[in-house]
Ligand code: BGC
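Take a look at this single chain, the form predicted on its own, given in structure tokens.
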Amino acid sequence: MKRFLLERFIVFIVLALVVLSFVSFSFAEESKTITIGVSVGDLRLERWKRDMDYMVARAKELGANVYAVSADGDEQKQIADIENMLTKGIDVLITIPTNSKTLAPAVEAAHADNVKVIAYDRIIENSDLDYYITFDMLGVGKLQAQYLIDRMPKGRYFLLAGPKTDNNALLFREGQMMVLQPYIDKGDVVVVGDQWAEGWLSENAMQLTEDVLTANNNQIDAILASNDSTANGAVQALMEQGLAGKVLVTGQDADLAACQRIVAGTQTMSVYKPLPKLAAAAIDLAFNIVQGKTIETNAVYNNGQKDVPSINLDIIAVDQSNILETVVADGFHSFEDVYKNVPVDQRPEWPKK
């Protein structure tokens, strides 16, 4: 009997040790500090600096480490940056591609190290990309075009896009044409220029707008600029001709300078994409991937090789009528910053009573 009890006791101890070992291992896995690599294509645009800062802040809230690097617009440097991150032992990679078409080798390199890749607001084409998180890109283009059509259903339009190497620029244009094409076919909208600004840079957009204004003797009613940087270049060109505020100008990203132009009346609208929500969702996604949790997506984008499971967030058209209730109320920009260039006695009441 004593021998039987001793054997049962030994079995109990062994089982307890096994369970304790498993629990300790699970706890260690859960408590392990996660390192997230964030590869930013270019910080010359205000937009991407904000995204990176929001991601870093969210990661710190969750107790993760972030290794963030900017490629400064150099696609080869971005690939080298990512390879360097992998040698440092990152657990998951979030990347904003400099060039959507050239980052597939980085995805392969990450997968070779068992690191999953999240493309952030720019898809990586022709690759085995794991996830894509973005706003509704076709929706952005449709929102911009519909905004103009609602205010200028007949007129001379200048289409000012970003670089053709950026898949987002192509998606914005596709969305824009979904709205514009019927009006173009009827002859109500006349496209007097269709240009693509390299690097989304304001100086390139300004030169393209100057050329179109010259070619059309300043006879332009609306400029469908695909983002706020190109809108900035367009507005500068319009100012030189005394046309700022007289020509409708769209934008996207709700950059501070764009919001200041909106309240000043030189830029008509921007598409507000709540970046803190996108950045937080990307970091949360990275966390869930590393922890092996179930990933919920709400969209699919084909990148030329596969249907990439994706997460889409909502967008908002912002102009003078709602900038306070959106951009300012969300804390995206402060009231003082947005109305910095507006005389105090001409500013609206805020907060509203």
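All residue numbers are counted from 1 along the displayed sequence. Keep in mind it's a predicted model, so treat the numbers as computed, not measured.
A second form of this protein, the form predicted together with this ligand, is not displayed here; the remarks below concern that form.
Which pick from Asp221, Asp81, Asp121, Glu125 sits with a heavy atom within 4.5 Å of this ligand in the predicted bound form? Of the listed residues, the single hit is Asp121.
Tell me, which of Met52, Ala317, Val66, Leu45 has a heavy atom within 4.5 angstroms of this ligand in the predicted bound form? Exactly one listed residue reaches within 4.5 Å, namely Leu45.
Assess the spot marked by Ser270, Tyr272 and Thr326: is this ligand within 4.5 Å of a heavy atom from every one of these residues in the predicted bound form? No, none of Ser270, Tyr272 and Thr326 comes within 4.5 Å of this ligand in the predicted bound form.
Give a yes/no on whether Asn227 approaches this ligand to within 4.5 Å in the predicted bound form, heavy atoms considered. Although this ligand is absent here, Asn227 would touch it in the predicted bound form, with heavy atoms inside 4.5 Å.
4.5 Å heavy atom contact, Gln252 and this ligand in the predicted bound form: Yes, contact at 4.5 Å.
Answer with yes or no whether Leu256 is in contact with this ligand in the predicted bound form, where contact means some heavy atom within 4.5 Å. No, Leu256 sits far enough from this ligand in the predicted bound form that none of its heavy atoms falls within 4.5 Å.
State yes or no: in the predicted bound form, is some non-hydrogen atom of Asn168 no more than 4.5 angstroms from a non-hydrogen atom of this ligand? Looking in the predicted bound form, residue contacts with this ligand include Asn168, since a heavy atom lies within 4.5 Å.
Using a 4.5 Å heavy atom cut-off, which of 160-168, 261-269, 233-241, 190-198 contacts this ligand in the predicted bound form? Correct option: 160-168.
Taking this ligand in the predicted bound form, which residues of 124-163 have any heavy atom within 4.5 Å of it? Result: Met137 alone.
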